[in-house]
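Before any questions on how it binds or moves, here is one chain, the form predicted on its own, in structure tokens.
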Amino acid sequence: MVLEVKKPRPVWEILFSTHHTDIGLLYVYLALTAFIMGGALALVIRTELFLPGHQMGLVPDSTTFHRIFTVHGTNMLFLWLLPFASGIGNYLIPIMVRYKDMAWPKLNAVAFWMIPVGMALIWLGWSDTSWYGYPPYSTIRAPGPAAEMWIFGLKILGISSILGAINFVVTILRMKHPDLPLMKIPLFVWATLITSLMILVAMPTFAAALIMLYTDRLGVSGFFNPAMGGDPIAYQHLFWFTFHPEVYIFLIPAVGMVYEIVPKFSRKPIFSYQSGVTAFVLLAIVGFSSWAHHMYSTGMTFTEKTVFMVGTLAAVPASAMHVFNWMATMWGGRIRFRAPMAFAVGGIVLFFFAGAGGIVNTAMPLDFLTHDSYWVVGHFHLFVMGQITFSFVGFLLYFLPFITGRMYNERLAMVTFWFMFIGTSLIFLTQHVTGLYGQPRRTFDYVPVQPLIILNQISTVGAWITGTSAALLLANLFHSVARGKPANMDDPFGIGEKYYDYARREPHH
């Protein structure tokens, strides 16, 4: 089951497999492909913004610029973050709950194969609606069939997420070994369970919003069309009721992966298992109770804004419980600072800065100053690229011996970490300041004043450094898979703790 690369099988056998490890690998391959494709679009965006005005012929006009960041955003959120977490979950959850496979293997395969279809619609459609798809532009002006393809692509990805979430919930709650109590399962399993439950609550709302958006575009309804008595703000409420929790749906699996890395490389048990579970549950509740902090400027009453501001601030102690848990676990531990641990710790540092920036967005007076500026871009990307992607990359390196039987190059991995950490910090910490100077997000050009030019150039240099780190990561992965040193499968990182149950073998099907 484990040494997939050492004992290669025909590609078709993996493609048509319903075994959870094969499906997990397919998810991871697709997610990494999307990460590179979406990252390439980010480099185009940042290179275009290196100087004000039309630069270097990379982006011919503002419409193309809008198409690029629409596909970049949709791709990175729905084709990198969600599939990678699903891939790791597919591979590990049955092993961690001691069951032979996912509850419904064929449904699992169906959920995966819906993703390439959705991916094709989004990339071939090349919509310009932004990943928000806000009406009235998306209902009455956005050109077809690009917008329709974007809507159908997201619908398919949403259905895939729901099917996958149902499978995870049933596998964890119904198929786990009877001798394994729920409060003894690994925290990564808890993270997957909470994420799956959140998907089941959040996704149907957005699915309904997309159907309403589509019928509006057909002209048979006017839910969000002001000319037909509709309300565009209603779409924003439906959108954020899904996508504010969605931020935590992206984040929580990454937190679960850090819980796998930090105790092992600190060579200590996790400081407080119970508080980790509690914090997962609290984050899920807070995620659904604070969506309207995105809506402060839409005419809400002062009381409503205050309620949602307090509700959003509740995420701070819940997030801090995780950070405190990690720091308390590391405290006094015999830390082995290998690349997975470096990425985990780097992600925690960036998580702190992202959270600090988020408090500004939560506070009403400060949110009015930073709303729809580059401050928001910097804050959100520090979560996505900082905490989440750093955790994913760290876990991918930690996971590599398990799926290949080979080790990656440690020195190259550490160089990759420092490139990625410095590059990410330059891009997104700088963008907070860019936002304070008043540069709006999603714009093709900016005012040619010296501070904005310098800040955008720093961000762009950071993007090039980060792009270099992604290339180094890929080179390391390809080289390690093909010619890496065989790993000591009992303890590949020399941390004195048994690795996963790598010897377990279930027949493929």
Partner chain sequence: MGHATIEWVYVAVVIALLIYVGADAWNVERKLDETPPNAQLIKVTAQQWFWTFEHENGTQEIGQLHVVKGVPYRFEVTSRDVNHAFNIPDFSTLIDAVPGRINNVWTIFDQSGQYLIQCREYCGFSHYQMRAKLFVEEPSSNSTSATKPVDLTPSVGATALTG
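Just so it is clear, the structure is predicted and the values come from calculations on it, not from any experiment. Numbering follows the first chain given and starts at 1.
Just so it is clear, the following notes concern the form predicted together with its partner chain, a form of the same protein that is not shown.
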item: Contact segment among 357-365, 197-205, 178-186, 165-173, judged by heavy atoms lying within 4.5 Å of its partner chain in the predicted bound form; value: 357-365
item: Heavy atom of residue 313 within 4.5 Å of its partner chain in the predicted bound form; value: yes
item: Residue 437: touches its partner chain in the predicted bound form, heavy atom cutoff 4.5 angstroms; value: yes
item: Residue 66, heavy atom within 4.5 angstroms of its partner chain in the predicted bound form; value: yes
item: Non-hydrogen atom contact residue 130 with its partner chain in the predicted bound form at 4.5 angstroms; value: yes
item: The single option of 409, 370, 221, 289 touching its partner chain in the predicted bound form, heavy atom within 4.5 Å; value: 370
item: Listed residue (468, 457, 443, 33) with a non-hydrogen atom within 4.5 angstroms of its partner chain in the predicted bound form; value: 443
item: Contact test, all of 140, 297 and 321, partner its partner chain in the predicted bound form, heavy atom 4.5 Å; value: yes
item: Heavy atom contacts to its partner chain in the predicted bound form at 4.5 Å, residues of 258-295 in sequence order; value: 271, 272, 274, 275
